[in-house]
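Below, in structure tokens: the form predicted alone, a single chain.
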């Protein structure tokens, strides 16, 4: 059995380098086909009739007029009379017809009677939530009362909050379903090709072996595309009834309303420190919503192990589309609710917030020293000590400038994964596993790992993914993918290489353990004159291919430590605020990020750039707006649900922390952590610029101007 370890530091030709995405040409030329692009022979078009009420009971459904319409092939009732609907836009009836226009006409002919019930769709005011409030048990650590009352204590109090935001995937949710007898093939836009197959099987009442899921490209997910969903199984039901393939893709409005969101969180927070800046106590009352289920509690105070704490959280059940995992679930909220009060405490103490954080770095747990080093690097890249000023830019003119900082953490351990690597006699190499590339560069990582292990160029590797008939390899979510799939692929490639060595060794007159694969050759270690080209070596296989499996058991420690978990990261932001208009402009964000061994530096940096852009969006623009009267989302579109454009981004500086200790930790996921800090870091920079806290995200001009009216820079 080979030794399952990554190559020694400094010996790699591909791992850790800047490698272009292997699927880049397909994407930029349009050859890459997404679910939305699929057109199967005879395909029908499906759509949903959705409930217009935020809370209602279905009394009756009459689909007879829709069924009579020429061109309608199938109608499927998703929720029967008697069902209680919990949010506006929920699925009621699905229809498939030969054109989208006929499907829409049919939807309008369906008659549904509802009993309207009381609803709640706004959670910002805890006092107005009534019996929808579900308080958690109060948690107390140490003696917060005594800490707050100590003589040498400085206390800050404030209210902070983040609204619900939606996922805004470039490709909306949906799928194409196609039956052949009692077997169904689903082409979903999904983050879990393997997992969703079982969900379809259960919902459709067929054996799991009768469901095949295929997907090569997905236009974003961010945590929202992890389930078959009712619209997915309804699509399959329509296809079964019609005897033809059906495509059902959500409209943008539907996607915004019901296909997932990040929960809100609001909090009243009190924080204390001694006059020399030693943080001593925390108290918080927080609340938020993730829809009908209420939602979980944010992990506050985030990262900081403050000795004296009192906190209570209340989940508010609202009649809104339910929450789904949104890139680093609960962490952006917790980070914002923690780092903003700490920044306010620094202002009250007349301290540089960097000095306050460094002074209390011992409260950051086992990663404290790494945070200290990352803060120093970020400060160098931002020129923090040169440019920082006490809260409130006193320079003349309406443009005020300020800086803020934040830090974050995440797990990122690899999920369980199986991979098969095949070496064929003609020299070709295939890698097969049921994973998916949701845009993060999974294809590129897998080809790099295989090519590095076998001593080949990336172009020599053929990759098979996106098919649930391949070896199982889990969802793409929680930053678990790259650690899991790279580890199983490394194991499989090493196993296959060992078998090739066994075959080739007699020809070179040495034992298999004396061989290595380098530069397209199988050669004797220490004597490159004794070698065979890759194709010469594989030709000795005769007619039999090598097919070897590699298994990564999951995030738990394993021999060789190919993957581990636990990352940190530090960010700093420089912003300008126009105090006459309230417009916030991001000038620069510096992100210093660790994530263990980096397989491809280029795609790793790209992950951080994308996270920062997403962070600018939710910091300055994104907010779901609900109308309490109608219970509907008012901005379920791309006109009034704003996202950042190129001119809104500013300069982004990414520094990947790659010291030898990090590289020895193995591969750790990177998707989540860099999206956590932007809300806090930008909000703190705005407070630095205008001299007053804007308590709620997004930092829109009206909110900035309202804060200025309360005493900021004018």
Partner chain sequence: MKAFEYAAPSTKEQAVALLGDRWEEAAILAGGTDLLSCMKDNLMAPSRVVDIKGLRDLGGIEYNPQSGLRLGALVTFEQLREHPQVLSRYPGIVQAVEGVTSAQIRNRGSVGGDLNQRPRCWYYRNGFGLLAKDEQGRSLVVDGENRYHAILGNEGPAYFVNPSSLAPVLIALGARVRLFGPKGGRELPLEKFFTIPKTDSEHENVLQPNEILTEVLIPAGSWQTATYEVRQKEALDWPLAAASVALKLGGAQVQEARVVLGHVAPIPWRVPEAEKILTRKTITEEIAMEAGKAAVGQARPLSQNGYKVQLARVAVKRALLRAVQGGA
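Positions refer to the first chain, counted from 1. This one's a predicted model, so the numbers in the text were calculated from it and none came from an experiment.
The next section is about a form of this same protein that is not shown, the form predicted in complex with its partner chain.
At a distance threshold of 4.5 angstroms between non-hydrogen atoms, residue 267 is out of contact with its partner chain in the predicted complex. Although the partner is absent from this view, residue 702 contacts its partner chain in the predicted complex, with a non-hydrogen atom inside 4.5 angstroms. In the predicted complex, its partner chain lies within 4.5 Å of some heavy atom of residue 639. Taking the partner from the other structure, its partner chain in the predicted complex has a heavy atom within 4.5 Å of a heavy atom of residue 648. Only one segment in the set 328-336, 598-606, 631-639, 138-146 has any non-hydrogen atom within 4.5 angstroms of its partner chain in the predicted complex, and it is 631-639. In summary, among the residues 620, 320, 446, 340, the only one with a non-hydrogen atom within 4.5 Å of its partner chain in the predicted complex is 620. The partner is absent here, but in the predicted complex a heavy atom of 581, alone among 581, 99, 362, 511, sits within 4.5 Å of its partner chain. Residue 398 is the only one in 394-414 with at least one heavy atom within 4.5 Å of its partner chain in the predicted complex.
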